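Heads up, the chain shows up twice below as structure tokens, two forms, tagged structure 1 and structure 2.
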Structure 1
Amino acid sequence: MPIPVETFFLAPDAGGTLQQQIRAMIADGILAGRLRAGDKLPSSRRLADHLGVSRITVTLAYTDLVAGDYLWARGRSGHYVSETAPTRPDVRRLPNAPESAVDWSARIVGDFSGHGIVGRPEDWRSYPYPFIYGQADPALFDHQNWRQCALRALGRRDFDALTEDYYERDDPMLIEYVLRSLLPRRGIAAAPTEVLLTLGAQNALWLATQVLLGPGRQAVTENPCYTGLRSILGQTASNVLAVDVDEEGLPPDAVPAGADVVFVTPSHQSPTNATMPVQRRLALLDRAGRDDFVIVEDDYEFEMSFLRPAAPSLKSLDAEGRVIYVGSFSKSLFPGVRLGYIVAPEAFVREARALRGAVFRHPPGHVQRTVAYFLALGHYDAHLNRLHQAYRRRRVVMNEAIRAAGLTVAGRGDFGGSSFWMAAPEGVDSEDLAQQLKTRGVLIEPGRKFFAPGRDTRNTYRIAYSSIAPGKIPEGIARIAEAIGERADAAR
């Protein structure tokens, strides 16, 4: 790529001749990694004009750099950083560098890294059978229209949306389409002042906990539950209680007395995929009214209800303004978009907006405007339709493979989703199973980290079909069954 001429400047206190200074400036940029192989240097005339030196001075410096293999000249095209340019040794840690004099264990006020999340290998795509949850399949994504929307958002007409600091505001175009297109699908009517854009559902949940919880407050979660929520709640200094879910999700009667905030995933319980029936949703709202607690509804994967129409959201049934609704584009588009939203009473949104502004202002304007165009031009609905068809086919293949292999489904999503919650025989540790399967090219997610401490089951695991081609599913499931059989035999 061309290197802007503004990248270069001569330090007033630099020693040596002008030619030597220019040579050192460029060589240092290459050694430091700021100028990379293949990058094109400004022409000698343009750099000379920019630095206020003679053109011959720059030409001689370039010639010297070519001799040192820092640059190479290509005919009339100009000078480029050489593919074989010298590199600087890695000196991030010298052999005799002193240790830090700071006792960081005493300085750090919380254990932010101690909360386990379900991870995955960085090279997970290289595994032939990746039953990994929540990752986008490039074969199903609408690259062409997404690119066109992104390019349109880069145009002059959208220059303000691209470059402006919104401070605590959001892109009005995206807010309009969230209000007009997304929320009506969930039966939700809201005003612009009741919607806040976030950096995904994780950030939305963090904002909710920071605004609502603290010392002396009591939070209630499902057990098992989304691991990221447990990590967030660990930062609030509040009392956290976990309620076991059943085949219909969180039982309202099991919510302990004194709850201040209850976190639920009613559309597709995370990770069991249970869908909360409407009558239970009404019972939970009734309990919230009687006991005066607030509900945070994480409505993840409602877009993936391809077997039956999605049940009404808790927010749509809420007559008292007790529900804080969290939505996200991570599963319907791709995780890297990092864009979600909160729908809640204006008093809550006002405080959450101020907190968001203090931390990172707002999600990037270009991302907001690109998603707005993707919605406005109808690409989002077409994309969801493709996902529904593909996921329906993959689910059928997965279901048949599981049945043929004799594996046990522990939680079945009757509305769709993108994964199965599984149970191995008692005595089979799913974490050991996962390590064994990795050596056979299969990735699964052990279930232990989804559970509250001390209340975990060692034999549960999750397998997803969003990131694996249908043709590979049967063989992958067969390998899982084979490994489980081996471990079960060894445990007897």
Structure 2
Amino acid sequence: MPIPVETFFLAPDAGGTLQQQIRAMIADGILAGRLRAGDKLPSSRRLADHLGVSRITVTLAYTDLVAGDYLWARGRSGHYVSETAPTRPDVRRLPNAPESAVDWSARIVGDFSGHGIVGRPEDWRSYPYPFIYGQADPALFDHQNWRQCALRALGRRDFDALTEDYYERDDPMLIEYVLRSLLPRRGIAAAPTEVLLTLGAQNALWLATQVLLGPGRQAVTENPCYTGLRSILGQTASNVLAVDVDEEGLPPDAVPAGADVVFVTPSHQSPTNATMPVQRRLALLDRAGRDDFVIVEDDYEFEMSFLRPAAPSLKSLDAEGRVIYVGSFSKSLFPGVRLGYIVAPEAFVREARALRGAVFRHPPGHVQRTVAYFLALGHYDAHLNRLHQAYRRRRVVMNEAIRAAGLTVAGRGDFGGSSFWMAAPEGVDSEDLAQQLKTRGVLIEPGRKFFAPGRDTRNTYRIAYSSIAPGKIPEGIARIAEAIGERADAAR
């Protein structure tokens, strides 16, 4: 490609003649890999004008570089980086990018990288049996209509929505559809001032922790729980207490006295898939009123209730305005869309909105408008319907394969979802199991990372069916069973 003339600067403190400086500047770029074989240099006239030197100086430098095989001259068409130009063997450290003289460990406030998100391998799509959670299956996505909505949102009529810096506001069209179309399905009626768009559920949970938690505050999570939440809470200075869940999710009686904020996943407990019965939801709200704590309800995957209609959200039962509701498009559309929402009392939303404004202003306008069209034109509901049917089929295949292989399901998933919470026999360490299965083309998620340190189970694991083709499921499950069998035998 042609190299823009703006690429080139003469360092103010460089030594040597101008011709030498120009030569060094170009050679450096080639050695560092910034300028590559076949790239076209600016004409000597353009470069001379840009650098404020005479044209003959540039011409002589180019001639020099041709002699050194850095450049090729091609008749009248100009100078190109040579296909056989010198290279520098190790270019990890580039010129102008020195080792820092700063003691960054003393400079950095807090410990952010110590709470990493445990992800799946980057190349997960290359594994034949990826039972990994939360990624989108291209075969199920409605490309055609999504593209049309995106195009429509890119039209001239939508230029403002696309380009404008909204500061603290959101796309009014998307807010309208969230209020009118999504929230009513969860039994939630809200005013526009009670809704805030976020960059996914992760961002919503983060905003809630920042607004509500700090030194001396008591946070309560489920045990096991969503790993992203634990990493966020690890970055606050609050006390965090994990309460063991049972087959109906978080037991309200187990919430300790003095709790300030309780984080729950009533629709599908993450990761065990337990659904909290309505009576327990009411008991939790009652407890919250008596002990004056606030509840953050992560309603992820409620859209995936394809076995029974989803139970009403905690928020819909919230007579006292104590629930901060978190929803997301990551599971119903795809995670890369990075769009979710908070529904909460106005006093909370006002602060969360101001914090969001300082942190990043707002989710990109084009993404907001595209989702709004996808909802408005009815594609969202049609897409969910297709997902339901596909997941229902896959779940049948999973159930059958699990039964045939004699594996043990540990968690209930009465409403659907996209995964099973499993238990290997005692004595089988699921982290070792996962490592071994990886070499056999199978990806599973070991359970330990979901638990509070020291209060974990070694034998649990999660297998999701949202990214694996149904035809692959039986063989994948059989391989899991085989590996477990070998390990259980060895443990005896």
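Think of the rigid core as the biggest set of C-alphas that the two forms share within 1.5 Å after superposition. Keep in mind it's a predicted model, so treat the numbers as computed, not measured. Structure 1's sequence is the ruler for residue numbers, which start at 1.
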Of structures 1 and 2, select the one representing the form predicted in complex with a further copy of the same chain. 2
Does superposing the core leave residue 424 with a CA shift of 2 Å or more between structures 1 and 2? no
Given a core-based superposition, decide whether the C-alpha of residue 452 shifts by 2 Å or more between structures 1 and 2. no
Rigid core fitted, then: does residue 478 show a CA shift of 2 angstroms or greater between structures 1 and 2? no
